[in-house]
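Before any questions on how it binds or moves, here is one chain, the form predicted on its own, in structure tokens.
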Amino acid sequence: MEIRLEHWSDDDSALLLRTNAPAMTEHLGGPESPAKLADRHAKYLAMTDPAEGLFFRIVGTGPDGAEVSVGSIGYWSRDWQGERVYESGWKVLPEYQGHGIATAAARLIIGRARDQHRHATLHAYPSLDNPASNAICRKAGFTLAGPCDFEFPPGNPLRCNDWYADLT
């Protein structure tokens, strides 16, 4: 399946709801409340400055030419260990997992972040107990810095791996 990234739009709230399912959030502290999802959707819509970060819908095109939303991905600025970096996160719907979509999207997001010439690194923080997301990081070209403590969503402590991609 060929993929491309489309800027997050108001029409993507249904995709956000689908990616909030228990199976999609088991490594992230579980599903968020409707109020938290509404806040997250508004946050994604407000991301309009490429230098600070953007959020996208991952669109797949099948062999028959039909297009379908298969997941989401983004990058955003944050402070990490005394420096300003980009962070990335993604979700691919269960029926499209295992086909290299997240890896391809992660490679695209590395390129988008690199094009900004703003931060030296892009980080991803998959849970230690999420082998699929850790494998995506490795396949997409991230380098493993090692385990770290992280919060996602805020207030939910996670033990994660800190993966980074060099943007210089």
Ligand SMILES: CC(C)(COP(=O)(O)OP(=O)(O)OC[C@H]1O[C@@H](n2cnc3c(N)ncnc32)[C@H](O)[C@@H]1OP(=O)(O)O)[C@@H](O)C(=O)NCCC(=O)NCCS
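Heads up: residue numbers just count along the shown sequence, starting at 1. Just so it is clear, the model here is predicted, and its values are computed rather than measured.
Although not depicted, the form predicted in complex with the ligand is the subject of the following passage.
Heavy atoms of Ser77 never reach within 4.5 Å of the ligand in the predicted bound form, leaving it off the interface. In the predicted bound form, the ligand sits within 4.5 Å of a heavy atom of Asn130. Taking the partner from elsewhere, Met24 is found to have a heavy atom lying within 4.5 Å of the ligand in the predicted bound form. Heavy atoms of Thr103 reach within 4.5 Å of the ligand in the predicted bound form, making it an interface residue. Not one of Arg112, Arg118 and Tyr164 comes within 4.5 Å of the ligand in the predicted bound form, counting any heavy atom. For the options Leu37, Leu108, Leu28, Val59, the one in contact with the ligand in the predicted bound form, meaning a heavy atom within 4.5 Å, is Leu28. Proximity to the ligand in the predicted bound form, taken as a non-hydrogen atom within 4.5 angstroms, holds for one residue of Ala51, Ala46, Val68, Ala135, which is Ala135. With contact defined as any non-hydrogen atom lying within 4.5 angstroms of the ligand in the predicted bound form, the contacting residues in 79-95 are Trp90, Lys91, Val92, given in sequence order.
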